[in-house]
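Okay, so here's just one chain, in structure tokens, the form predicted alone.
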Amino acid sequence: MSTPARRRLMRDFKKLQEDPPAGVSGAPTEDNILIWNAVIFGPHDTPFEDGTFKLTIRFTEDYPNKPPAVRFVSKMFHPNVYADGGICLDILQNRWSPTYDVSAILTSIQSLLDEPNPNSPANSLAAQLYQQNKREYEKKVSAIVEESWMNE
């Protein structure tokens, strides 16, 4: 069954394979193009460096008119990531645009790792540490980076 959403996802996947952005990857699951597995590598020169973080992306038949639901599967300590892995990011909510594709979504999440928005916290402890005690924040981030290797 070919729908506009599925055709668009095939284009997104082809683009991701032919022109992969640095530090992110993603692909549909074997049996459902609406469900993707993705990986974001922690950006260099950040507390997240060397981390390998897994995510799931769930699209609906309304894609690209509606954003997908993206969530970290890997444990994450970040001001804009909820305990369940959900991500508080404007382009996944009120600033969504059909021009965003999977590459744009993943690179936006990757840059959010190093540039959190503590004024819109999903994790208040992480936001508080990020603003008031950078060393303690970075220690907690280092712990989840190490944990990300165990779950390979």
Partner chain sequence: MEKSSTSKSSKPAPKEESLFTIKKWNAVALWSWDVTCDTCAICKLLLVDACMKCQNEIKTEDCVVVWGECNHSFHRCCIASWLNKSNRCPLCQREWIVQRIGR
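Numbering follows the first chain given and starts at 1. Just so you know, these numbers come straight off a predicted model, no measurement behind them.
Quick note: we don't show the form predicted together with the partner chain, though the next part is all about it.
- Only one of 65-73, 117-125, 26-34, 79-87 lies within 4.5 Å of the partner chain in the predicted complex by heavy atoms, and it is 65-73.
- In the predicted complex, at least one heavy atom of residue 11 sits within 4.5 Å of a heavy atom of the partner chain.
- Taking the partner chain as it sits in the predicted complex, the stretch 43-62 never comes within 4.5 angstroms of it through any non-hydrogen atom.
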